[in-house]
Structures are given as C-alpha cells and as structure tokens.
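Coming up is one lone chain in structure tokens, specifically the form predicted on its own.
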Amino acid sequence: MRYLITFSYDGSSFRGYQKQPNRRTIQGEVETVLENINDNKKVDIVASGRTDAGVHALNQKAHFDLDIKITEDKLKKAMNSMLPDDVYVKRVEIVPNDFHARYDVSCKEYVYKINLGEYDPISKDYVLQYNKKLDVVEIERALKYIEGTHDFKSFTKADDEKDNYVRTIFSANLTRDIKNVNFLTFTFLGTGFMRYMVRNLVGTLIEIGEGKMKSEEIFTIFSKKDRKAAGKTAAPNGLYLKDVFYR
C-alpha cells in the first residue's frame, strides 16, 4: 500500500532533509519510525524535495510503501507517537501505487521571514535577524520582475548542473506583519525551485533593498546565467517550505 504524508518540521537541529551517515536528518528519523511500524522491514520515503540544514517545513510531502495493512488514522497516530518532537505528521492519505511525491508536483510555495527591527534571540532560529532598514518599495519592484518564466541559473547553486534551469514563478510577494511592521515575509509560488534558489533570490533582494543594485538589474542577472552575478545566499533559518501542490 502506498501512503502520502503531509508533515512539518523544525529544521534547526537537523543536518537537512536527506539521510546522511552519522548525521541527524529528517529522512533518517522518519524512515526509522516507519521501519519499526513495518515489522522492522526497510522503508524508503520519497519527498517532494530536499531541504537544507536549518530550513523548516510547514507542509512537506512524502510517499512510501508499507507491507502491513494499517489505516491512515492509525498510521498517523503511530508515527507521531514515535517521532521526535521537532517532526509532526499532519495528514496521512492512501494514494495510487503510481503516485510520486516528487515527479507529480505541479507547484510549490516557499516563504522567507526577515526581522528588520531589534534583534530577537527568541526567534533567531526561525527568522533572519537582519535588524536594519531596507528599501521595501524597491524590493517590491524587483519581486514583480521575478514573476514569470525565466532561466534561474544565476540563482541556483554554482556547481548544480542541470539540463534545464527554466522555472515559472506564478507570484512573488512581500507582506508586513500587521502587529509588527519590521517583520517581513517573502512568498514565492512556482513550478519548482532548485537548490539555494529561494535563498539566493532573497539575498539578491536584500542587496537591492540596501541600495547596492537597482531592481531592474534582475533582468541583467537572468541574462548572465552566472551565480556570481546575483547576491549572497541568505541564511537558511528564515526559509520555510510552506506547501506542495499536485496535478
């Protein structure tokens, strides 16, 4: 039986999603629990995508196959009873055997959180503590230029070789918290995101907000197809995989 889980995690104390020897990872924790449930038989989970060390997820998705018969509700309860308290399964669904959590994705949504106000040690692992002012109007102009279909090679990991760097960003927005105007949230909804892509976009937007480059330079960065043309990579702690959508 193939199952699809929706789960959230606090990435602060993990070395990322992907399983690594002698490292604490989200994949490692979930597979260990599932093998216990599956009569100690190996279980491989396939996620919608990987997240890096320090990155969080609100609604990550993954599929896996189990040899035993168990209802969605019982499986959810069993997993949560054994998972550490920084990982939580929100939903379990039975899906067709040909469903694929990665290849069937139609779009993903990421958010990135920044604090422009006074340093906050409580939220330091969950919000980028920038703690200075930015030109938000210029950043919002740049966000509109990011929307659409572009070659994002300049915004991915320098040594990440792919056949195709073209992605479509349906929307790229910036919102302020009503209660605290110094708290900003970037939201990106698109067909797919390569490694470090969102963090590189945010790092570039921060440099635009600092006045180091103009918003229109986004088009020049696209055309150069060179990681060195874009801004620095923003820290992982402000990044969240918000949601995954399927066809």
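Residues carry their position along the shown sequence, with the first being 1. Every value quoted in this text rests on a predicted model; they were computed, and no experiment measured them.
What follows is about the form predicted in complex with a further copy of the same chain, which we do not show.
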Subject >> Candidate from Asp86, Glu138, Glu93, Glu147 lying within 4.5 Å of a further copy of the same chain in the predicted bound form - any heavy atom >> reply: Asp86
**OP:** Identify, from the list Val46, Met213, Leu66, Leu58, the residue with a heavy atom within 4.5 Å of a further copy of the same chain in the predicted bound form.
**Re:** Leu58
Original post:
Among 155-163, 115-123, 102-110, 139-147, which stretch sits within 4.5 Å of a further copy of the same chain in the predicted bound form, heavy atoms only?
Top reply: 115-123
Original post:
According to a 4.5 angstroms non-hydrogen atom cut-off, is Tyr240 in contact with a further copy of the same chain in the predicted bound form?
Top reply: yes
**OP:** Report yes if any heavy atom of Tyr17 sits within 4.5 Å of a heavy atom of a further copy of the same chain in the predicted bound form; otherwise report no.
**Re:** no
Original post:
Can you name the residues of 1-18 that have a heavy atom within 4.5 Å of a further copy of the same chain in the predicted bound form?
Top reply: Ser8, Tyr9, Asp10
